[in-house]
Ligand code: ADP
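Here we start with a single chain on its own, the form predicted alone, put down as structure tokens.
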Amino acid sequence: MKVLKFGGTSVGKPERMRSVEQLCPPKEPVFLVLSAITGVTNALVEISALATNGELTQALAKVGDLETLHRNFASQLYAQPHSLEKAQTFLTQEFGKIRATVETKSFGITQERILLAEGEILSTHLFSFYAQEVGREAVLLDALSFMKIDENEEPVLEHIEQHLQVVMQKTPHTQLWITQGYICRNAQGEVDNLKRGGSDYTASLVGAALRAQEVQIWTDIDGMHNNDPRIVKNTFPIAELSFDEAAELAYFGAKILHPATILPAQKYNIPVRLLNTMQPEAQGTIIHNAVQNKGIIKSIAAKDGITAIKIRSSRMLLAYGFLRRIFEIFESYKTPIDMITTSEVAVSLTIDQDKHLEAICQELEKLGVVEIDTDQTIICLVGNQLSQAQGLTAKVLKAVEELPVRMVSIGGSAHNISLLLPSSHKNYALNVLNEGLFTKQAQHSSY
């Protein structure tokens, strides 16, 4: 069985939703994971904010706009009147629930999560009605019946595997199962989600639970590129990546893939293929355990919103336990560290979550003088065994010699070289690195 995930742009128009059905092989079992229609989740976030602030009239007006969008979508999607009637009846019922949620007197996080789940619920129902219209024996499975996260917001794969098998066994001869990406239940049994981009994660978790032959992530770009095509001209898709390389790229900013997607698939060695809905004939990128070329940079990604923190203290000199105390502060606030460098009397590190920055700095000031640099970007260069490639680090630093590089990290991972610099220099850095590193090795980097 293959698991196919289609994002918001892939189902964003009626004709694209019809194309999704055509991309599902008719004579082999397929498990389909769908996102909300493009822009719907953002609209639900806005409605939730208005409801939270007590702006009920504006929130309900936005709900009306959203209902109109889905009704117009349905009127263009179906060819048979009975399919349209079924969809319109469903929309009436579902938007009644949405309005009732918005009108909750003590609207809070619980109601917000219920609202955010509606985008995927709406899109999957509209698609399942269409699949049935064209003769597919399609079954819609409620993701809330098997997707679960624990108290640390981590998926419970054993629960997912067990409960997914139960619901699928009710329709053993089905060839097309459909479910919602992104949404789940939490440890308290409440409606929750896997955070933004979580539909990729859903697909990988389902693939792991089913021990799928392959997980396919369909988007609007033909695979992972060697650089950000929105910023750099003449980028090219990479045909093959290892799980570790793809995980580094996703974590450090490659927008095509959710950072957590790789882990469940890697656990069971399930290949993940990145494909383009708008250009289905394109080769895309396959992510698997194949042996990779050593010492060649495959791709560059950039992660914005980084804060650099420097702690200077003479107490570090010849002392032990100092780093442990620093790490314990970040652990107590559940704030992960991305990069770290040390000297005799200073530690510099970076974080991408500034929610507890003020409290963290107050704790750190007990250990030494603290300096903060905001609006930083990590540029991550990814490949295999990069630290073993002679002259590669020098080539990287030569490319950015005119830029104010704040930190450099190499050797912590066999798969990346990371640079920290002010975000205002990001676009220039991506371009000069692309020119300096890929001009002569492009044909080697693409496989």
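Throughout, we count residues from 1 along the sequence that is shown. Bear in mind the structure is a predicted one, so any value in this text is a computation, not a measurement.
Separately, the form predicted together with this ligand exists; it is not shown, and the next lines address it.
*Asks:* I'd like to know whether Gly305 contacts this ligand in the model of the complex, with contact meaning heavy atoms within 4.5 angstroms.
*Replies:* It does not: once this ligand is placed as it appears in the model of the complex, Gly305 has no heavy atom within 4.5 Å of it.
*Asks:* Is there a heavy atom of Met224 lying 4.5 Å or less from a heavy atom of this ligand in the model of the complex?
*Replies:* Yes, Met224 is a contact residue.
*Asks:* Residue-level contact is defined here as any heavy atom of the residue lying within 4.5 Å of this ligand in the model of the complex; does Asp220 satisfy this criterion?
*Replies:* Yes - in the model of the complex, heavy atoms of Asp220 and this ligand come within 4.5 Å of each other.
*Asks:* Heavy atoms within 4.5 Å of this ligand in the model of the complex: does Thr9 have any?
*Replies:* It does: once this ligand is placed as it appears in the model of the complex, Thr9 has a heavy atom within 4.5 Å of it.
*Asks:* Quick check for you: of 251 to 259, 370 to 378, 347 to 355, 133 to 141, which stretch puts a non-hydrogen atom within 4.5 Å of this ligand in the model of the complex?
*Replies:* Heavy-atom contact with the partner occurs in 251 to 259.
*Asks:* Of the options Asp192, Asp228, Glu245, Glu118, which one has a non-hydrogen atom that comes within 4.5 Å of this ligand in the model of the complex?
*Replies:* If I apply the 4.5 Å criterion carefully, the residue I get is Asp228.
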